[in-house]
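As a starting point, one isolated chain is supplied in structure tokens, in the form predicted alone.
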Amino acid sequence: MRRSPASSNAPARSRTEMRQKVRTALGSLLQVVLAAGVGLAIGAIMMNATGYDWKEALQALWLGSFGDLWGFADTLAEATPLILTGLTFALSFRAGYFNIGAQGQMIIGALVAVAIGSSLAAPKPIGMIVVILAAAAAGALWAMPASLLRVTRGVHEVITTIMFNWIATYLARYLVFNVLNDPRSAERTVRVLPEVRMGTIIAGADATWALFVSVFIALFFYWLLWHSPWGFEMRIAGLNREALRYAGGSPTWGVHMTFLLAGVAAGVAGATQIIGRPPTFALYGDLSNLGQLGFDGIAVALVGRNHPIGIIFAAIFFGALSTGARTMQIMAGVPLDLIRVVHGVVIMAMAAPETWSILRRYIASRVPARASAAAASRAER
């Protein structure tokens, strides 16, 4: 059978596209490595200027985070919730929205995990699954008001998600001290039952099977965004909503789905901090075991280029910084305040390329002639 010219050119076109994708990926990786090098170099200069041995400090950072199996496991434990909160921001950003409500959605997920996990008497796999699904649903429901207000009243999601973060914070404090409080310990809630707790991957370390839940959700989001029609519509909406409407898509449907899925990721993050983080298995009244993981996820997403796979590695990097900080204090004697400054410099350097890319696209979107060119370039990635 004689092949048509179009079909004969298909393999060559496929190879060209593959080479282009590989070049783009390598270029992004090179930018991240160079940015990390610049950040670490600035941090080394700062430590040297303040009288500390920067070589010993960086060596301690490496040994504490990757030096042995237990250190690496603790790094992964720190990275587990950050993967999910990073996905919350990244998914919304890809669809054209700034959802900074991961903190509140995560808190609600943690509260539901405590409420159900402390009272559900079910066999171990079933109990864990029920708690995770309930926390995911709670996070999604908490994200919906921002979506509805955006669609029906045009209220910007940055305003609503910030407000709902505070509502979740004070609601959690009330419930911890007045409803879910442990009579034997005034500062925290009751512990979840052993049947719903996730087991550790390595004995004596903090990493649990929650890590695989986070990675699974990241891989699902990757498939959703780049290998499904729904994800294609989300990305088109993020580039140009008028183009999506012209093509027959529904921006309204897209914003609801985006916020629902982002809330799912944040809700699961809250659950993993309760049932998948020994030895507490409860929520403290000051929410200290949740920290600022929701906001840290924004930095993780920027360092990971708002890509689900990149976010996995960015979260591990953030986990390494957190785990290695303890070793830097002990081995090199670097004070915690200086360590945080150095971490901030490194993170800013690594997030700068993606931040600049976002600003450039925003400026381009203000000029109609540039908007179409930016959308075409973005679609090729």
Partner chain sequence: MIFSSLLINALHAMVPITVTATGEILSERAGLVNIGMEGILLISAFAAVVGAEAGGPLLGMLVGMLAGALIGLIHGIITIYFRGDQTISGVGINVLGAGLVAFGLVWQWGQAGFHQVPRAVRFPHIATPFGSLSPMVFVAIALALLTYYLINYTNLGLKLKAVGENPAAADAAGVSVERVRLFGAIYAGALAGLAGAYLSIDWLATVTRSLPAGRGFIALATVVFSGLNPLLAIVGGMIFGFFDGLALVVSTSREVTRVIPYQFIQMLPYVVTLLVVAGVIGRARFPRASGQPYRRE
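Positions refer to the first chain, counted from 1. Definition used throughout: the rigid core is the maximal C-alpha set that superposes within 1.5 Å between two forms. Only a predicted model underlies this, so the values are computations on that prediction, with no experimental measurement involved.
Not on display, but discussed next: the form predicted in complex with the partner chain.
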query = Though only this chain appears here, would Ile159 touch the partner chain in the predicted complex if you measure heavy atom gaps against 4.5 Å?
reply = yes
query = So, in the predicted complex, is Thr152 in contact with the partner chain at a 4.5 angstroms heavy atom limit?
reply = yes
key: 4.5 angstroms heavy atom contact with the partner chain in the predicted complex for Pro335   = yes
Contact flag, Ala237 vs the partner chain in the predicted complex, heavy atom cut 4.5 Å = no
Position in contact with the partner chain when the complex is considered in the predicted complex, options Ala57, Ala351, Ala325, Ile312, heavy atoms within 4.5 Å = Ala351
task = Have a look at Trp253, Tyr222, Trp209, Phe98 for me and say which one sits with a heavy atom within 4.5 Å of the partner chain in the predicted complex.
result = Phe98
Which of 74-82, 200-208, 225-233, 144-152 sits within 4.5 Å of the partner chain in the predicted complex, heavy atom basis = 144-152
ask   = Is it true that Ala137, Arg184 and Ala265 each have at least one non-hydrogen atom within 4.5 Å of the partner chain in the predicted complex?
value = no
ask   = Counting only heavy atoms, which residues in 289-314 are within 4.5 Å of the partner chain in the predicted complex?
value = Ile298, Leu302
message = Taking 2 Å as the cut-off, check whether the CA of Trp54 shifts that much or more between the shown form and the other one after a rigid core fit.
response = yes
key: Rigid core superposition, Ile312 Cα moves 2 angstroms or more between the shown form and the other one   = no
ask   = Did Leu287 and Leu336 drift closer or farther in the predicted complex, going by a CA distance change of 3 angstroms or more?
value = closer
remark   = Shown form as baseline, in the predicted complex, CA Ile347-Leu76 shift of 3 Å or more puts them farther
